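Both blocks below hold the same protein chain, though in two forms, and each is given as structure tokens: structure 1 and structure 2.
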Structure 1
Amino acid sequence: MYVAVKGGEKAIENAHAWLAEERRGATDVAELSLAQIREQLSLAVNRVMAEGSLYDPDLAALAIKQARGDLIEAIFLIRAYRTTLPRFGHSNPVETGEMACDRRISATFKDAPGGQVLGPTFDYTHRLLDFKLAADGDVPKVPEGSARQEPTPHITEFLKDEGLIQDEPTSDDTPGDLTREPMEFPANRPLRLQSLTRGDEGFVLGMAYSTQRGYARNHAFVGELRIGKVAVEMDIPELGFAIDIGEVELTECETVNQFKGSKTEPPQFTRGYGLVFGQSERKAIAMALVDRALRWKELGEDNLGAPAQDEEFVLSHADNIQATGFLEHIKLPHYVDFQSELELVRKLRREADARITSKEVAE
């Protein structure tokens, strides 16, 4: 006989206590501080802020600690906290051309106007374990002036001046807000970009990789990848002008894609676009590739049936919080459902056995 497992409130309290003990780990090892997580696990903090849709390094560090390093759980915590915050206004669009770039590279122009800044990156490192890190060695000093402080023009603007890249359509309409309204299909590009920027990095990466392997025939170059801080401004009605309320670190990627033209557009380059909180260049590049693949209809291209071209498939499955909730709910009690399935299978087995017995008797 199958019976429900009984535990109740006391069992849940014990589970929480055990979780806290496991989170702390061995007490003879110093406890991680939020400052350590924020400063030394900054890429994890950046991902939690990006996919949690809340720019706050301290809260992201707290969420990572509380989640024992499970980034999706940390993202869930940040999103839940975000819903409790009052909204008293909105900022103006940031000017990424005014970014103070810590990193700015182009794969399309060697002598990029404004210069290239390699910045802090794994790109040129050997993928070998550095055991000096285990010894807590000295940190190398970065030469002063490595970052570019003055405004840096976007490289694609130089292609635009020659008429070689498609003009981006503009609109005076206020974009929808995915954090306040559910996604509806078909979705316009601003909503698609919102969905991708807070989508799961692994999923968006997989979709982007599929486009590079031929699913969507989407050959792209990184026109520009830049990482740095930009000012955030907000209009104050009482003052009649905008004021600077802070700054955020962003990663921006613009891809340059081949385009043979259509019935309405001449042969030219087109763009894919990615913008993410913090230093998240893998996510920004992947986002740009998927953004371009999803633009097939507006560019008059053929739908090749590639997964990355299916707007509803991509956007409905990109969110890791929704995916986690639906996946993990199956471990919760389904006793009644299973009992009904169990009785159905038993009935079908009895009927099958009866038919076999009847057949044997007839023979």
Structure 2
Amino acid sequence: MYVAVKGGEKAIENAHAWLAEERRGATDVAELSLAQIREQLSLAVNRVMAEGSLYDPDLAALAIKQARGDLIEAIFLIRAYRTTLPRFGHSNPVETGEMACDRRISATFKDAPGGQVLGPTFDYTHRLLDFKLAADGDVPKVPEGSARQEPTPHITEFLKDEGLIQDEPTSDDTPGDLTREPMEFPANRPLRLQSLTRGDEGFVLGMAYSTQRGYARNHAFVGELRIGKVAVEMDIPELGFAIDIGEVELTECETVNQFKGSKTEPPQFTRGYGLVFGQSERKAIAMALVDRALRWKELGEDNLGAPAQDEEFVLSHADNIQATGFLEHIKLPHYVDFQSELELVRKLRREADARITSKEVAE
């Protein structure tokens, strides 16, 4: 029997009023503006854009404010908003080789053309709390060098020229889109990359770390990591040609991995690929490692039974909005379900008690 009950409207209304007050915090402390969040918590904004799968820093800042800094809640808000937008179309694939790089490093080639450009990195900081930041926000004058005029070439291009790395042949195939059609397995690489780039950073990081610890180890080097802005170009039907419709900041990671060769391929390096909205290098490196682990079948490698090789496991659990939706729904009222389970347990207990009693009487 299903019993519908109604109630709690007043309680819900009051809870939301209190939520708004708690969100604001103490009113003698200045209120955060969206511009402050966008400018000063930019890596949180980047994460919300990447996993919300919508590049719009102002919207991400609003979502972070509304969610009281709960980034998964903020990502949820962005995903929900995204579904209300009409889609005008798709861009041409971005040219990451044309990126205006803020940062570009290689762990494999010290003297790569374009050099090792550190950019505004946390690397080489001592990770000691800086109490000066608590007192004031003074910033040092940033030194300037002589700017590079030409684009920075991809490092894997050099290995490719020698034939030492597996090629990534260009195609103009239309990629599947998991926001339009539910994911089916086996998924191809474009779908896997779409799933990973919007996947939860912590989950993708954990999966990547598992490959480093030995679960389907694939000996990755960071061939190249670059962060910067690229123009986004789209064909406009009413014009009959393509124009830039904006520009986005991206983090791109290409790993170079050992490969013993297979029946059809000589020994060579292979690649893992990560590309993420914003400055998100932990996520981009992790994405590249997981991408490489998931490529075992097409590269003719053994299935070692490692979690990171199991695309159904990885891709079905990478999305934090799906995960949190299912996880958190169990806190919503399940009174009737639970009532029936309660009845069942009581009945079993009565029967068990009866058996014990009758046994004692027999003795």
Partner chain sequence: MTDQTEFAIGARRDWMGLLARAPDDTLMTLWDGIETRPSFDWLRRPEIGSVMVRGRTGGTGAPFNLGEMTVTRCSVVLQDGTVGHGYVQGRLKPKAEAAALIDAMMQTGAADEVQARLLDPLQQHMQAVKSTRAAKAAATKVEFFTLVRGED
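Rigid core: the largest C-alpha set superposing within 1.5 Å between the two forms. For numbering, take structure 1's sequence and count from 1. Note that the coordinates shown come from a computational prediction; the quantities given were computed from them, not determined experimentally.
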query: Chain form predicted alone: structure number out of two; finding: 1
query: Rigid-core frame, C-alpha of L239, shift of 2 angstroms or more between structures 1 and 2; finding: yes
